[in-house]
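One chain comes next, on its own, written as structure tokens: the form predicted alone.
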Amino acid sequence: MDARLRRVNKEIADCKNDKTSNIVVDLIDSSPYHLRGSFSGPEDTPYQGGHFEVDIVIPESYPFQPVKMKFITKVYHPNVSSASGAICLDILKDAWSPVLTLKSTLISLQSLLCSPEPNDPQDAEVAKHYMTSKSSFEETARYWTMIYAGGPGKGGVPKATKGGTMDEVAMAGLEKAHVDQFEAIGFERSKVIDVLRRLNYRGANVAKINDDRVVEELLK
């Protein structure tokens, strides 16, 4: 058995034997080098109550090269791509050290959910939302946690969800009244949502973006 396989098997066993961290690592298929990690959303954050899964690929030169991780579960967070699950975290790049393990790296991801770094974003649109209106960002992140991570959806989750279906306005972190305003003058709802999201039409920013600018974007 080569050193990489021994190390990976030991780390998987360590996660199974540790009942306090609630970090789980499982095989995805027959390969010990393609794994799925999972953890609970941190308490007192919009991710509380959610169950988050991470795709893990162990490179050939592990542990001297960082593991490759991306979220399987969709997450609304400045440092996670809302489209691909790609993660912006220093230890997954140049700050990696061979002393880090699968468990410690997953714990760092869990901590990242507690402490977003909007000035070094993976998802620029989400980072703008966070910096424009933190309360609106948290409401949207809580809604995503409910929809994608099985979160409880209590306290501040948008009320526009009907019959358990996804509310596109809430998913984008926008106000229904703003979307309705531009839809009422003849623009398609999905186009309005896309434009308002890109313009970061939220919080104090709304007063800075006049209606003509929005219409100009909608006509493109």
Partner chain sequence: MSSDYENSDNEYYDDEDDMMLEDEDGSASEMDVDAFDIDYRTSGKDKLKLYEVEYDPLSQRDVEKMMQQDVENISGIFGVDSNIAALLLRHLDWNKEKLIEKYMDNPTAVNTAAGISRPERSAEPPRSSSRSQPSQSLLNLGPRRSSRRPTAEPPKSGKTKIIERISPPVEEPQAFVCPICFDETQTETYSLHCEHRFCTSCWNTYITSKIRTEAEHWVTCMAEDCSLVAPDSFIRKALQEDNSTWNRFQELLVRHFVACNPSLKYCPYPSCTYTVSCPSASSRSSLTTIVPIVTCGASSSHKFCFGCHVDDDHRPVVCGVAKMWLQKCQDDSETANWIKSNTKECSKCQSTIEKNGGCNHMTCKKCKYEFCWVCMGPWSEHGTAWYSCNRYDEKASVDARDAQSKSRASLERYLHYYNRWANHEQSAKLSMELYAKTEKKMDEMQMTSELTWIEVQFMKKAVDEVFKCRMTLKWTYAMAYYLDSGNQKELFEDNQRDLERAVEELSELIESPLEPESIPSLRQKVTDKTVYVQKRNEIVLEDTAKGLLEGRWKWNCSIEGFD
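None of the values given here were measured: they were computed from a predicted structure. Positions refer to the first chain, counted from 1.
Beyond what is shown, the protein has a form predicted together with its partner chain; the following relates to that form.
*Candidate stretches 91 to 99, 122 to 130, 141 to 149, 74 to 82, one within 4.5 Å of its partner chain in the model of the complex by heavy atom*: Single hit among the candidates: 91 to 99.
*Work out which of 10, 16, 198, 208 lies within 4.5 Å of its partner chain in the model of the complex, going by heavy atoms.*
If I apply the 4.5 Å criterion carefully, the residue I get is 10.
*Report the residue, out of 190, 65, 181, 31, that has at least one non-hydrogen atom within 4.5 angstroms of its partner chain in the model of the complex.*
Of 190, 65, 181, 31, the residue with a heavy atom within 4.5 Å of its partner chain in the model of the complex is 65.
*So in the model of the complex, does residue 213 come within 4.5 Å of its partner chain, heavy atom to heavy atom?*
Result no; residue 213 lies far from its partner chain in the model of the complex.
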